[in-house]
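Heads up, the chain below is alone and in the form predicted alone; it's given as structure tokens.
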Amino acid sequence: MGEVASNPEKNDRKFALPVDSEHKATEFRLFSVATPHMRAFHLSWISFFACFVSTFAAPPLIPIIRDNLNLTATDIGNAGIAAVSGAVFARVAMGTACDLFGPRLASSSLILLTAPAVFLSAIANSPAAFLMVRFFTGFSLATFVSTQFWMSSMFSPTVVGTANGLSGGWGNLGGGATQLIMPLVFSLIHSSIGSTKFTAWRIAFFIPALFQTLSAYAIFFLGQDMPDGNYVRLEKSGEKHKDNFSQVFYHAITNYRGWILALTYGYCFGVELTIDNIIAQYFYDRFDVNLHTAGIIAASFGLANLFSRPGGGMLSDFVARRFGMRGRLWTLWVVQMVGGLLCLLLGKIGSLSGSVAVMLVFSVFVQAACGLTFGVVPFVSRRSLGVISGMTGGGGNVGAVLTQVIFFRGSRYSTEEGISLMGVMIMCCTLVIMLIYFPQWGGLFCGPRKGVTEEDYYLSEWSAAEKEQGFHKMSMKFSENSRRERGRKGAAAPVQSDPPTIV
């Protein structure tokens, strides 16, 4: 990254959007495709959308696939778990890859490498083969991490929640869209071409596979890692130093805030993944609706991401303008708690109309909590942003795996009992947000520590030797741009000049 620009007008001439000292956009213009900020936004959400469509292409067709491959309830449960478990470690690895190689190369590589698994879904001929293709396709969900990292690299703290919420939410929209797309494609192939049901579902998988492949090439050829260029060019020019993997990883895993957010994200995004896997079959079996109707109901849950997750990100930025980081944390805690209560109620309601209504309200709260979470994540660490994002994202997949193993695998619990117990888990895991504390900003119940500044917090990730070589300059700029997280009252407080300490 280059030096702090001393001439704001020069920055305005260089970029289509107004930028801060890191050249991150300070405004978010949804209908713009300006390079590099808004182009990165549109490439990120479209590619993540494609990966979601691929990963959850099977659930809406499960009644057909089940009959073709003779799948048992346990086989279906295992395949659903496999689809989200593969991304657990892939997300942590993706975060590290983003820190070291940049989001453009990391994202396009993973999308392209997982596309063959989607194509191979068409030739699955046994429960084991079906499980394997779902497992490897699920790796593509790790692109969520590169999406959030990319937005955090392109947009200023004042709008980063909005950018993260929209890119993640519109990507997650693929989980709902595929509930409509796959049954429609299947019906067209089955009726128009005249293929048998057992052939039509196989041909249908070529649509998400091609979409995913094209998105990988679009990112590679049209995307850009940072506002000032790609990692390779910036490292060669000396504007950005190539960081040390061990230091990046160390500062991530020793920051307890990242672990707490990974846990809480496991019970907002993890719950969303679980619902994507079970909801169509739940309505099909419990309320005896047809496949098309079950798909529409299930799609409505995922399609709420059009506004719910982005709304969470926007809400995070909105409350931060007045209340700072403490406002972000309080809003996350309240919204996720309400989501847990609604999930508990969803499993208790026995009527079709009542279940649909509660599910729709529940979808808004649980998805908004996801957006609110990634309104906080960019501030946990500047140096290890990718790994922290990966840990949090991976926590979402861990939550999905554990929930499905405990409540939706086998016949120990009915699906409606599992949904209610999942709501209890959400509320219990949300309590730990009370433990998150930023010394420069405070937490839910405590204010900031006297005399501690943003520079103290972010520069503590760099050694004295690294500072002498100027490696800490990006963190210094980020510290300056993060002072608004003090809230309206604290933003005008004088900046301490004490040397940074480890906090």
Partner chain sequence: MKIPAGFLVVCLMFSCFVATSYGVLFSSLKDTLIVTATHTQDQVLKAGEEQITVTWRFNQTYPAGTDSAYKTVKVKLCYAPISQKDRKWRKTVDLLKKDKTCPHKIVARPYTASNNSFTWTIERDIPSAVYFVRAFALNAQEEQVAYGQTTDAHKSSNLFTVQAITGRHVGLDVASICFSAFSVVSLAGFFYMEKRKGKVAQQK
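Numbering follows the first chain given and starts at 1. Note that the structure is a prediction, hence the values are computed from the model and not measured.
Just so it is clear, the following notes concern the form predicted together with the partner chain, a form of the same protein that is not shown.
Heavy atoms within 4.5 Å of the partner chain in the predicted complex map, among the stretches 120-128, 303-311, 337-345, 153-161, onto 120-128 alone.
Taken together, the three residues T74, F206 and G350 all lie with some non-hydrogen atom within 4.5 angstroms of the partner chain in the predicted complex. In the predicted complex, no heavy atom of T96 sits within 4.5 Å of the partner chain. With a 4.5 Å cutoff on heavy atoms, S85 does not count as touching the partner chain in the predicted complex; it lies far away. Contact between Y217 and the partner chain in the predicted complex is found at the 4.5 Å heavy atom cutoff. In the predicted complex, the partner chain sits within 4.5 Å of a heavy atom belonging to Y284. Taking T196, T254, Q247, T293 one by one, only a single residue has any non-hydrogen atom within 4.5 Å of the partner chain in the predicted complex, and it is T196. Taking V361, L184, C428, V232 one by one, only a single residue has any non-hydrogen atom within 4.5 Å of the partner chain in the predicted complex, and it is V232.
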